[in-house]
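For reference, the chain that follows is the form predicted on its own, supplied as C-alpha cells.
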C-alpha cells in the first residue's frame, strides 16, 4: 500500500500542484499583462499612469506562480521537462525576454519622465509578446510535439504551426479581456468607461477562439474526439460547454451593465473552464500523447523531499498574496497611485 501511494498518488499530487500554479499565474498575471496589451489603445498620459498604478502593488508577486510551475515540472517530472523544453525553447526564450523588457519598463517608465516613450513601447510590446508566446507554448504542447523513443524528435520550429499561433492570439485576447474587467472593477473615471467599450469586442474574439480550439482539436486528434464524444462520458462532459456558454453570457451581462466585478470574475470563470477542458482532453499525459504523468515522474523519494518543502511555503505565499490584495483594495481614482 505504501509503495502504491508513492508511485501512484505522488505524481498526481505534483500534477495538481503544477496545474494549480499555472492557473494562478495565468489568472493573476493575466490582468496585469492585459494592461500592457491595452496600453496602445489610449494616448492619454494620465490614463496610462492610472493603468500602471492599478497593478503596481501586484505585478511582480504574481510571477511567483510561473516559477513554481516551471520549477515544479523540472523537479517532479524531469522526463516531461526533457521532452517539452527542447520543443519550445524558442517561444520560452522569447516569452522570458518579453517579461524582462516589460518588468524593466515598469520600473523605469515613471522615473524617466518626460523622456519615457521608449518605455511605453517596451511595456506594451513586452506584455503583448509575453502573452502571445505563452499561448504558443500551450498550443504547441497540446497539438502534440514530435516524440520518438521518449525524446523530442523535431526541429527548432516544431512549435510553429497555425494551431499554436491561433492559441497565442487567443491568449492575448483573453488577457486583454481580464485587463478590461480589472480596470472596470478597480478604477474610476474615463478609463473605466473606455475599458467597458474595449471589453465587448474582446469577449467576442475570445469566444471565437474558444470555439475554434474546441472544434479543431477533436477534428485532428482522434484521442481527444474519443474522450469527448464517446458514450457515456459525452453526457457528463456536456456540462463543460454548457457552463462555458452560461459564464460567457454572465460576462456579456457584466459588460453591458458596467459591472466590473462580474466582468472580471466571469472572465476568470472562462479561463478556468478552458483549463478544465484542457485537462479532460490530455489526461493522463504530460506530453500528449507520448509520456504519461507516471512515466514522466521523478523518483518517489525526490518528489516527496521537494513536496515536504513546498507544502509549508504555499500557505505563506497565498496569505501574503491575499494580504496585498486586501491592503490595496478599492478603486483607483485619476491622479492616484502607489508608485
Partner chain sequence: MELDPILLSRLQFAFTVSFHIIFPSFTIGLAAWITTLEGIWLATGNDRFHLIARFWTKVFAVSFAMGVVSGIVMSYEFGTNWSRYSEVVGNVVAPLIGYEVLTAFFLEATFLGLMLFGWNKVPPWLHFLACLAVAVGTTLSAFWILSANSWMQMPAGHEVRNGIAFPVDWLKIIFNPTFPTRLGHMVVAAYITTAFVVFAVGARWLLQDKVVEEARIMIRMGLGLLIVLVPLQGFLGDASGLNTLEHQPVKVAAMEAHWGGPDDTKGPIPWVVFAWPNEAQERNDFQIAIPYVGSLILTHTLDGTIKGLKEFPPQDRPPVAIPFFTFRIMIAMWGIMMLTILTGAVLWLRGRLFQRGLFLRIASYLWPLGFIAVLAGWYTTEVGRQPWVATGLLRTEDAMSPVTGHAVLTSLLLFILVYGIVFTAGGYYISRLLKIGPVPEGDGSDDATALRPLSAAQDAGRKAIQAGE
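None of the values given here were measured: they were computed from a predicted structure. Numbering follows the first chain given and starts at 1.
The same protein has a further form, the form predicted in complex with its partner chain, not shown here; the description that follows concerns it.
K.L.:
Here the chain is shown alone; which of 82, 221, 125, 147 has a heavy atom within 4.5 Å of its partner chain in the predicted bound form?
P.N.:
Residue within 4.5 Å of the partner: 82.
K.L.:
Using a 4.5 Å heavy atom cut-off, which residue among 198, 152, 132, 182 comes into contact with its partner chain in the predicted bound form?
P.N.:
Contact with its partner chain in the predicted bound form is made by 152 alone.
K.L.:
Please determine whether residue 320 contacts its partner chain in the predicted bound form, using a 4.5 Å cut-off between heavy atoms.
P.N.:
Yes, residue 320 is a contact residue.
K.L.:
Does residue 42 reach its partner chain in the predicted bound form if we count a contact as any heavy atom within 4.5 Å?
P.N.:
Residue 42 lies outside the contact set for its partner chain.
K.L.:
How about residue 13: is it within 4.5 Å of its partner chain in the predicted bound form, going by heavy atoms?
P.N.:
Result no; residue 13 lies far from its partner chain in the predicted bound form.
K.L.:
With the partner left out here, check for me: in the predicted bound form, does some heavy atom of residue 97 sit within 4.5 Å of its partner chain?
P.N.:
Yes, residue 97 lies within 4.5 Å of its partner chain in the predicted bound form.
K.L.:
Among 188-196, 257-265, 86-94, 225-233, which stretch sits within 4.5 Å of its partner chain in the predicted bound form, heavy atoms only?
P.N.:
Contact criterion met by 86-94 only.
K.L.:
Between its partner chain and 70, 302 and 313, in the predicted bound form, does every residue show a non-hydrogen atom at 4.5 Å or closer?
P.N.:
Yes, all three are in contact.
K.L.:
At a 4.5 angstroms cut-off on non-hydrogen atoms, which residues of 36-66 are near its partner chain in the predicted bound form? List them in order.
P.N.:
Read in sequence order, the residues that approach its partner chain (within 4.5 Å, in the predicted bound form) are 53, 56, 57, 60, 61, 63, 64, 65, 66.
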